[in-house]
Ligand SMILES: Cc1cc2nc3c(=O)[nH]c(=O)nc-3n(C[C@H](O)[C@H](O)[C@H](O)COP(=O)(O)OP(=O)(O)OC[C@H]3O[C@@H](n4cnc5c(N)ncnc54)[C@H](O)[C@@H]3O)c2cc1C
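One chain comes next, on its own, written as structure tokens: the form predicted alone.
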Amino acid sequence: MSTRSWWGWGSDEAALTSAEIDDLLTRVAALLPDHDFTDHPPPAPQSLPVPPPRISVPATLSAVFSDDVRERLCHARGKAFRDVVRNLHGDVSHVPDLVARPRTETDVIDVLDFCSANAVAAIPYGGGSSVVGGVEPRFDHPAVTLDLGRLDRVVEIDDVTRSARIQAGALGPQIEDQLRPAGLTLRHFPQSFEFSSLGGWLATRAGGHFATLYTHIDDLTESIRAITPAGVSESRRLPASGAGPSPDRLFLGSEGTLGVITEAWMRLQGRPRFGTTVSMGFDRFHDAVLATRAIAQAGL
């Protein structure tokens, strides 16, 4: 089992070797001869002055929460370049007080009830791949990160309508692994696919950058279930509807501000039977752009 890096992208086990780093530096230095390549090794989490939690949780919720320093640092920032730089420099400003890892939707409700009763900010967290500060508690107020990673199952598959009910914490590879035996695929492949979740895709209106036809999560969404301050919100499963505003559109792109998405029914595709890869060269960049447009508009 891999260990997610607390300071940057990927896992600790997938880090570059010394030989790979030396080779990379040699090639980059040839392009940027005047750049400062001073190494900044990541500091040990326990060596950083992370402030103690300002929140005490009741015994009934103790199994859901963690105050582990590494856990809190892992959930403090996204994966933008500025986030990595601050981590490597040991900047520990704005770290969540606690990390909650609910196992069920009831746990999610209990955590949100606790936060509401104690004036604690709750920040939904999927895979942590945000590059816009969406997971960072950038304020001086007690905060809890609500990590949905344990809600990672494809709960139900409807073969007739080619759709599936999927929990929001499931990462891209987990979704595809569970759909593969049924010969189906969600076919949504954002650049962050390996470490981003269904809930994150929905909350940020993600685009699948490795597809030319079904590219946006909006087009694949059938219904959404979310826990809001006013209770549970769940839209109806319909092929389409012209009856007023779509409630799904309210949560798509909401960035977690309206509630915590816990699961959704998603439209699926049959898995491709054949595949091929072709590389083409162009003498002019403009010609490559025109060819790309032609492919996209062909509906392939």
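All residue numbers refer to positions in the sequence shown, first residue = 1. Computed from a predicted structure; not experimentally measured.
Keep in mind that the form predicted in complex with the ligand is missing from the display, and what follows is about it.
- The candidate site formed by L148, G199 and I261 is fully in contact with the ligand in the model of the complex, as each residue has a non-hydrogen atom within 4.5 angstroms of it.
- This chain lacks the partner; the member of I109, V92, L88, V131 within 4.5 angstroms of the ligand in the model of the complex by a non-hydrogen atom is V131.
- With a 4.5 Å cutoff on heavy atoms, T204 counts as touching the ligand in the model of the complex.
- Residue contact with the ligand in the model of the complex: G126 places a heavy atom within 4.5 Å of it.
- Using a 4.5 angstroms threshold between heavy atoms, Q191 counts as touching the ligand in the model of the complex.
- When contacts are judged by a 4.5 Å heavy atom cut-off, L98 does not count as touching the ligand in the model of the complex.
- With the ligand omitted here, the record of contacts in the model of the complex names 116-124 of 179-187, 99-107, 153-161, 116-124, defined by a heavy atom within 4.5 Å.
- Taking a 4.5 Å heavy atom cutoff to the ligand in the model of the complex, the one contacting residue in 52-79 is K79.
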